[in-house]
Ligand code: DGL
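For reference, the chain that follows is the form predicted on its own, supplied as structure tokens.
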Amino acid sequence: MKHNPIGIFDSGVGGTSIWKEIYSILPNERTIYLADSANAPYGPKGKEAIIDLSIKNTEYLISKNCKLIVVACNTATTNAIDYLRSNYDIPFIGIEPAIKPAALKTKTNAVGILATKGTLTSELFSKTANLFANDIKIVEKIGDGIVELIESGKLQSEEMKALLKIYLEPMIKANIDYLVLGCTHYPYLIPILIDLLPNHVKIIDSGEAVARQTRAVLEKNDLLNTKTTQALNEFYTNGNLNVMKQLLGENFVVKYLDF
């Protein structure tokens, strides 16, 4: 089992931002990344549909003998991870918006959260927000259209910049000093966000924390790969191959998978 791969899935290419963090601290681990881009975004879908898609992704990764699965999708985590953990005998790592560090660090008592509808309307998000951000002004914006633009290769487009300006305007007016990114696609927006936000606003995403948690769970379950050779990384998508290749770089091979 130690030498089996880590499975990672997302509603699309966004979870590659999580993969990069995992690869950075666990370079000897084999990984299999699954992008369900044909069904992106998961955000507007109902809970039952999100669970069904998460089951499909999980069962594919289990069929590839994965020893642990990272649900590299905020919406899938908040809606489906409890079901997955209850029904499959394999460790799952989830991801949710980093509300806690933003709430603890804010000086202006105002925090912005940019996320999908499926994440912001989930029970898990509501519990986390109530627990850590009760006395803080939370400015939530559903990032409609962002995932679709990234999945279609329009990350750097003027359309993207115009959309982000609309979503950031009420946050800037509320004097936020932290912006929490609640979708794994969104870290790819950071260079654009830095240009659009006031200098004092800090951006938080969950990628590094998820990578650290992945390592901790592997250690706890005695599943860390003991080989020191460079690991094999496999990338599959049912969407546009070129979009993922652009995000990963030319050193990685992306394969089309009809699933």
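Computed from a prediction, not measured in an experiment: that's the story for all the values here. Residue positions are given as counts along the sequence shown, with the first one as 1.
Note that the form predicted in complex with D-glutamic acid (DGL) isn't included here; everything after this is about it.
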Exercise for the section: Determine whether any heavy atom of I113 comes within 4.5 Å of a heavy atom of D-glutamic acid (DGL) in the model of the complex, and answer yes or no. Expected result: no
Practice task
May I ask you to check whether A80 falls inside a 4.5 Å heavy atom distance of D-glutamic acid (DGL) in the model of the complex?
Solution key: no
Problem - V147 within 4.5 Å of D-glutamic acid (DGL) in the model of the complex, heavy atoms - result: yes
Practice task
Work out which of the listed stretches, 124 to 132, 105 to 113, 176 to 184, 163 to 171, brings a heavy atom within 4.5 angstroms of D-glutamic acid (DGL) in the model of the complex.
Solution key: 176 to 184
Fill in the blank from the handout: Looking in the model of the complex, the residues of 6 to 20 with a heavy atom no more than 4.5 Å from D-glutamic acid (DGL), listed in order, are D10, S11
